[in-house]
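Quick heads-up: it's one chain on its own, the form predicted alone, in structure tokens.
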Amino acid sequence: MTRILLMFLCQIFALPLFANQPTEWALYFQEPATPLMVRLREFHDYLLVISFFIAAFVFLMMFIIIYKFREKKHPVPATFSHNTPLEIVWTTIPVIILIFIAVPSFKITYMMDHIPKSEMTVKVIGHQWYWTYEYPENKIVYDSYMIKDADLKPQDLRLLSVDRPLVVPVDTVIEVLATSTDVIHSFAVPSFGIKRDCIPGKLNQTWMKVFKEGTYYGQCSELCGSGHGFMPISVKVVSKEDFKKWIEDNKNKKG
């Protein structure tokens, strides 16, 4: 009971209980690992503050109206139907608030859609129900399957660990090409702030630049059939030196 109460209080007061994977009782975002996710979380917190003050103002006005214009105090209802200055005010203020929301929103949207000059390319192919990762510049192609419960090791995460994760270097602008061979899938990694649909016959693009080494997890985020919940995404971010070694060890290998 104490643990549950502690976790609840930590989430309420937004203490740093963040990770690069799902955790018990988590209500907030996973820890950002890319510049894009940092901006997305900042924008979320910014909107949360605006929403809080709007909600507080609405509840305050409702309380004032209910109290001030209750039947006991006003047995005879008011007969006026409108107030032009008030209507101008309550139209102008929301427009200003929307402008303050729209400007940073447009900036983040541009940041998501505009791919910087990439240093490498990774192609992600969704299947029912596993992923194929391809490194076009290095001629590396392999499949990634979820590790089944019977094969899990102590360090593995159920429904998240895979036999061969996507391996990428840290501090590198990576262009991600996403497609599918059967139905629509979605390549999503919460810590990176990316979610790109994989559509048969179409090549979608996104990008990432991870600034911390480690293993990050995601899942297919588009309902794609009975195995939808069993095609996790695991991304292993390593140093540039280790990535070069990994490339040499895996070059020209398939499967």
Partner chain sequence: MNEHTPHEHTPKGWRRWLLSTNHKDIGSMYLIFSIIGGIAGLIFSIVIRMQLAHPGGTVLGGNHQLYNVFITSHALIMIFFAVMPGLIGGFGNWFVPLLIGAPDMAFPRLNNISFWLMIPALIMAGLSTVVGMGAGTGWTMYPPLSSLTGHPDMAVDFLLFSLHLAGVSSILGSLNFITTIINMRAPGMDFFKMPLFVWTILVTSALLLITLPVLAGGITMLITDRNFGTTFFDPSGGGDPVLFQHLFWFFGHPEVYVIILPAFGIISQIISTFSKKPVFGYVSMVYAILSIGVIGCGVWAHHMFTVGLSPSATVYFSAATMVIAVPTGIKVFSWLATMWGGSIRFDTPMLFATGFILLFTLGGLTGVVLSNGGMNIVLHDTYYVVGHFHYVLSMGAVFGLFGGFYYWISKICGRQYPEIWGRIHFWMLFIGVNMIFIPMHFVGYNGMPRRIPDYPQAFAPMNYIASIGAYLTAFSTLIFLGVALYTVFRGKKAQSNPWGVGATTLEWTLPSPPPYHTFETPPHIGGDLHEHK
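Positions refer to the first chain, counted from 1. Fair warning: this is a prediction, and the values are worked out from it, not measured in the lab. Definition used throughout: the rigid core is the maximal C-alpha set that superposes within 1.5 Å between two forms.
Keep in mind the form predicted together with the partner chain is missing from the figure; the text below concerns it.
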Exercise. Picking from 115 to 123, 168 to 176, 152 to 160, 134 to 142, which part of the chain touches the partner chain in the predicted complex when contact means heavy atoms within 4.5 Å?
Worked result: 152 to 160
Exercise. Would residue 74 count as touching the partner chain in the predicted complex under a 4.5 Å heavy atom rule?
Worked result: yes
For this session: Indicate whether the partner chain has at least one heavy atom within 4.5 Å of a heavy atom of residue 212 in the predicted complex.
Result: no
For this session: Decide whether residue 23 counts as a contact residue for the partner chain in the predicted complex under a heavy atom distance cut-off of 4.5 Å.
Result: yes
Problem set entry | Proximity of residue 190 to the partner chain in the predicted complex, heavy atoms at 4.5 Å | yes
For this session: Enumerate the residues of 26 to 43 that have a non-hydrogen atom within 4.5 Å of the partner chain in the predicted complex, in sequence order, or give none.
Result: 26, 27, 28, 29, 30, 37, 40, 43
For this session: Please say whether, between the shown form and the other one, the C-alpha of residue 48 moves by 2 Å or more once the core is aligned.
Result: no
Exercise. Once you line up the core, how about residue 101: does its CA shift reach 2 Å between the shown form and the other one?
Worked result: no
